[in-house]
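This document starts with one chain, in the form predicted on its own, laid out as structure tokens.
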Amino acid sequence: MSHRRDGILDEKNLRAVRPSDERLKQGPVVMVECVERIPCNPCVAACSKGAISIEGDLNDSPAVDHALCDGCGICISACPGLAIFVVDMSREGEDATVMLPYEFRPLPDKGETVTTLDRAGEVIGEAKVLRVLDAKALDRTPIVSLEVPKSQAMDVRHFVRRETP
């Protein structure tokens, strides 16, 4: 099914924005999952490395030079569409890190276990919150870093907090 019908990117869309396996193993890198033709470019301005660009028409989707990206994640909070994520598959062991935007309150706590969701909102599993960035410079879009199994890192795109007693 097309993202035009259900809002969920299909495999073809994801292949177009996914860094190479080799690049993923080198360290944190951005995935810009923006495929809509809309006039938007704050991610371009946010990237101090010049890794994100829009060539030509402002309505075109941003392109990422993954070789220039250092995975800092500043672009995550700049995206009004919440379509930017950073994935770090370079960690030793079975886990990866996924940095994602989170615009709900209260924010999760470092060390908290959360339930992870895929692009369709389906439960994938659980993750540990590694870090929560909530700085004024992030323009009210905190960035949450999750520790997830590497096998799920390319699919985890949101999370929900568990009920607390």
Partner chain sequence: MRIDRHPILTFERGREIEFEFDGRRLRGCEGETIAAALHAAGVRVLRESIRLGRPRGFFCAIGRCSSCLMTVNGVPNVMTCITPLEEGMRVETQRTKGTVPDGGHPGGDAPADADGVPIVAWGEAPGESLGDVPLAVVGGGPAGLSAAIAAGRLGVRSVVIDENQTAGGQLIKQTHMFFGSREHHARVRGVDIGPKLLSELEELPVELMLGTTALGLYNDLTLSLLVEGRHRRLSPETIIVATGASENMLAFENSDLPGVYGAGAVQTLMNVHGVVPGDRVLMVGAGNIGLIVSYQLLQAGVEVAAVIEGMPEVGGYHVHAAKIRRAGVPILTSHTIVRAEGETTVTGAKVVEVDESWRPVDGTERRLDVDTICLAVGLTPNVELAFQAGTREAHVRELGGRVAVHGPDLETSIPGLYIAGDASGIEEASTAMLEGRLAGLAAAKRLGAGDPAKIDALVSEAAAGLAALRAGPFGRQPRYGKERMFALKNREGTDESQA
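All figures in this text were calculated on a predicted structure; none of them were measured in a lab. Numbering follows the first chain given and starts at 1.
The next section is about a form of this same protein that is not shown, the form predicted together with its partner chain.
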Item to check | its partner chain in the predicted bound form: contacted by all of 16, 92 and 145, heavy atom 4.5 Å | outcome: no
Next on the checklist: If contact means a heavy atom within 4.5 Å, which one of 101-109, 124-132, 62-70, 22-30 is the stretch that engages its partner chain in the predicted bound form?
Outcome noted: 101-109
Item to check | Close approach of residue 40 to its partner chain in the predicted bound form, 4.5 Å, heavy atom | outcome: yes
Checklist entry - Does the 4.5 Å heavy atom contact test between residue 9 and its partner chain in the predicted bound form come out positive? => result yes
Checklist entry - Is there any non-hydrogen atom of residue 3 lying within 4.5 Å of its partner chain in the predicted bound form? => result yes
Checklist entry - Can residue 55 be called a contact residue for its partner chain in the predicted bound form at 4.5 Å between heavy atoms? => result no
Item to check | Stretch 57-85: residues contacting its partner chain in the predicted bound form, 4.5 Å heavy atom cut-off | outcome: 57, 58, 59, 77, 78, 80, 81, 82, 83, 85
